[in-house]
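We've got the same protein chain twice here, in two forms, each standing alone as structure tokens: structure 1 and structure 2.
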Structure 1
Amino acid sequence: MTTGSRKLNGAGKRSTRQRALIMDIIRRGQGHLDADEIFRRAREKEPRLSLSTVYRTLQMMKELDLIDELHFTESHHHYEVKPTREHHHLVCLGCGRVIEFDYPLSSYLKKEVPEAKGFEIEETEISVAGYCARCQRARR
């Protein structure tokens, strides 16, 4: 009954050791893990786990709305459990650190941006890249 297994069963999916483990890692990882990092951490507990299982699980969790996929500047993606409050991400190009900030973009858009009025918004994502205070110092 952890890890959304209720939602899994509800959708006619089976709740397996691998899926529980993967969801656990995503939750503990405080968001911002990529598929490969999830895979590496999962392997410590479950050495025979395959990368495809990770990808298949991520895919399914997205569809069940248990996790969000984040698109930073990189070519691969990052994952976090579905957040309660709408928030977005500052990514430091120096050290890779991710800082979250709350920001109710979608309601804002609907009020302020005429082009967004006729639009049925499914997903919003802000990503901001730059240098955190520490890395700014290091760059001088």
Structure 2
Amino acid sequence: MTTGSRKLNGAGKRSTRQRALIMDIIRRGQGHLDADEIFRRAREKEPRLSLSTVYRTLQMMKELDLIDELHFTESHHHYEVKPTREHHHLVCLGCGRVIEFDYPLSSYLKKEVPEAKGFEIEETEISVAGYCARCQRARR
């Protein structure tokens, strides 16, 4: 039984084929998929799946702390499996590409930012917007 299935069962929710499929798509997509892309990929395997089911499932998985909902520069949200390590995102304003990067930001804040001293930091969420190398070349 997967962690997701255990959390679903523990919350009184059934682990259905559709829920498992949506979680698998997010996991295999390596995060940063929006609801429409998750829906499109899920419909390839489960043609009767509705968009409202995808949205309800994403909301439930968010509430159960199985996934994170990310807010980048776009108006819609992206989803990724709840990370096991701190990481941050570079977001290209040209093509929309999202690149994860690691940096011990919480540790840095605790040590270097006077206002953070004595403040217990649980998590950080950073996204940096700019242009990837390909979009920089295209802009010249």
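Counting starts at 1 with the first residue of structure 1 and goes up one by one along its sequence. So that the term is clear: the rigid core is the largest set of C-alpha atoms that superpose within 1.5 Å between two forms. Quick caveat: nothing in here was measured; it's all calculated off a predicted structure.
Between the two isolated copies of the chain, the first is the form predicted together with a further copy of the same chain.
Once the rigid core is matched between the two structures, the CA atom of residue 124 is found 3.6 Å away.
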